[in-house]
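There is one chain below, alone, in structure tokens, taken in the form predicted alone.
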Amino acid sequence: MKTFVQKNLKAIIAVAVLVVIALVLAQKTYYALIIGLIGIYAIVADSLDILFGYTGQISLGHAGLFAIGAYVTTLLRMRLGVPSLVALVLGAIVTMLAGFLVAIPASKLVKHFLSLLMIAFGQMVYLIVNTWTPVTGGSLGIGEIPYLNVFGLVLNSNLKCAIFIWILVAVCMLVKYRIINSRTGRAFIAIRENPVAARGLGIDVRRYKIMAFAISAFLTGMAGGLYAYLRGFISPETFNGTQSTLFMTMLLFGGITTVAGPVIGSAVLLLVKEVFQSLALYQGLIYAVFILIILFFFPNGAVGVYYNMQAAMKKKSNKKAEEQEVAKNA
């Protein structure tokens, strides 16, 4: 914990200050809703970072896992009367199991083959929730989802729910840090860099790939459950292929393998989405433009730009100090 704070102090302070300011300003329900959604998307982006950033497995079907978490949590709560917090955890576990099943064939695939599999998975889940009307409500969705109850505290406002979501964001950041800085995390990175070499070092590549999928699915399922509680309504249109593209774009824009990257990417892309709501039909095009901008101008994301500027300033400062030292000795 102490090491995590020391290594990422600037990022933690920046995120904490922005969240506190936002929550203070979020007295209006709409602003609190946006802040809560940013936190939810940050959790999904963090889960994608574990899968893509650290193990190199690209997923364009995370909207399917997001949907499973949302629908399972909602159905457990509304149809079976399971306590809301328990339903949230069970929804995440069921999503993890789904991710585990998908990971078994996915762990054998790479690059575009893996992408195609995940696209197919996301589309399959979308079709199920859209057509299984007796259970999921079909295209009409499910409304009037009860508030989340956390140990007797009913989160009956967007602001209360947003605060709880951001507490979970902080927990997810810490968990990700602990995983990445463990033996498991080092195995993930070795697989990302060179699966063949990792296998030669005795690392069970397939097992660790499946593990990364399961962890990512659990976090995404939890985010889906939180989304259902925050919005109070879910429908298939929230979980289409465009949503998967949005998740990946958020991660790439913010910066992979970073603490603040998923938060920054989630905030910027969600705000862009809200601004261009009237252009909903062109959202895919907008995300494509963002991806092109990232590839050509910000390959390391927004956080990478900051680190590059920091390195340039340090280099300039060192050069100036050297010049002053030379002038002093002359």
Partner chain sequence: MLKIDHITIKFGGLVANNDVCTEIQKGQIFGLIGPNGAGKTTLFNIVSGFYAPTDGKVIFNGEEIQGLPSNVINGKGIARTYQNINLFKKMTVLENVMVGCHGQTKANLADAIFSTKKKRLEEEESIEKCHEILKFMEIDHLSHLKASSLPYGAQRRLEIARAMASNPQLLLLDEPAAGMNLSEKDELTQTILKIRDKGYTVFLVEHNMKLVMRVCDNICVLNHGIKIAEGTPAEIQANPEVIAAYLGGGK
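Note that the coordinates shown come from a computational prediction; the quantities given were computed from them, not determined experimentally. Positions refer to the first chain, counted from 1.
The next section is about a form of this same protein that is not shown, the form predicted together with the partner chain.
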* Structure fact -> Answer among 99-107, 173-181, 226-234, 159-167 for heavy atoms within 4.5 Å of the partner chain in the predicted complex: the stretch 173-181
* To do: Spell out, yes or no, whether the shortest heavy atom distance between Ile189 and the partner chain in the predicted complex is within 4.5 Å.
  => yes
* Asked: Any chance Ile203 has a heavy atom within 4.5 Å of the partner chain in the predicted complex?
  -> yes
* Contact label in the predicted complex: Met248 to the partner chain, heavy atom within 4.5 Å -> no
* Just to confirm, Gln123 within 4.5 Å of the partner chain in the predicted complex by heavy atoms? -> no
* Asked: Of these, Leu140, Leu127, Val196, Leu153, which has a heavy atom no more than 4.5 Å from the partner chain in the predicted complex?
  -> Val196
* Asked: Between the options Leu117, Val72, Val259, Ile215, which residue brings a heavy atom to within 4.5 Å of the partner chain in the predicted complex?
  -> Ile215
